[in-house]
Ligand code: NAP
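The chain below stands alone and is given in structure tokens; this is the form predicted alone.
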Amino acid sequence: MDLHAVGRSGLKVSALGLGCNNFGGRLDEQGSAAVVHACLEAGVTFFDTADIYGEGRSEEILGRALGDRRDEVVVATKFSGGEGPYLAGASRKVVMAACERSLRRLGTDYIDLYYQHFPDPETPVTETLGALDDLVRAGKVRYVATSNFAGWQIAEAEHVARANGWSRPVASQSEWSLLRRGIEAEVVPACAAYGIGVVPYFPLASGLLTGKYQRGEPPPRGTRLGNSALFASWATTAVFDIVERLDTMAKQHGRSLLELAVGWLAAQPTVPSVLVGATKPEQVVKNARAVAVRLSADELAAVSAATAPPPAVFEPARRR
């Protein structure tokens, strides 16, 4: 598994990252541990969770599954996504308390990459970044990052941190896939300009880019589209038109749709790692093979053209 630097930093992560949002929810502890161990076997060293995933259970499960291999991996988690005045937002009170809770749940004394999960319009960015810098100086956090930020918010955080000599965000996490390319307008250019890594989540568009769903057929039981009427509603005629076009292109080059979707993202200059969730060890193996695919320049251009202009098929952005 290739390792890539996160933005301008010295932090290196595996080209494939594991999104742990299923842990403690769709996936129990035993199943989650099996997925984590499959990742370690495949060379995946980047694990992404959040304090709201499974109401905190995701962090607990991940920490126990890693066990004494904690120092061999990069653990990312997030704050600010809770509910209520002292769990939501990004005030100093929220940041400090959330970090302590995440450290306890993860069973560790440091967080490698700490994301502000959502922007907080009610808290000055100086307050949030100052608190995060204090955590870095205290040794509780190694690197700071943003998530679901607009391009201008990324630029603001960069300039405020730089002006005050604080830890600058090294990564920004956003939804990005061949079915959702809106961040290419402002977020990706902002990150490129400031040397910030873009970490895509939902790269397979809730499974629509895996080939598991077919036009005119009900979603299989147990899948995200099969379990949620909201997710199922996104499987529109227009979306299937794009998916089928991409599937045809993939087969022409002897690839799977999964390989095309993940390989295209992995080839983007700002992307150090692609976050892909998994509920079974065999999915980890397939995802690891997909991220190792090297698309030719002609393939990349053709795939980009086939999904442009960026289709807004998943509006509005979902909480993750």
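The shown structure was predicted, so the numbers you read here are calculated from the model rather than taken from an experiment. Numbering starts at 1 and follows the sequence shown.
Here the subject shifts to the form predicted together with the named molecule, a form of this protein not shown in this document.
Candidate site formed by L11, A161 and G197: none of these residues places a non-hydrogen atom within 4.5 angstroms of the named molecule in the predicted complex.
The stretch in contact with the named molecule in the predicted complex, judged by heavy atoms within 4.5 Å, is 279-287, chosen from 33-41, 249-257, 279-287, 60-68. When contacts are judged by a 4.5 Å heavy atom cut-off, T108 does not count as touching the named molecule in the predicted complex. Mapping the unseen interface onto this chain, D51 falls outside it, with no heavy atom inside 4.5 Å of the named molecule in the predicted complex.
Using a 4.5 angstroms limit between non-hydrogen atoms, S80 is distant from the named molecule in the predicted complex. Using a 4.5 angstroms limit between non-hydrogen atoms, P203 touches the named molecule in the predicted complex.
Along 1-22, residues G19, C20, N21, N22 each place a heavy atom within 4.5 Å of the named molecule in the predicted complex.
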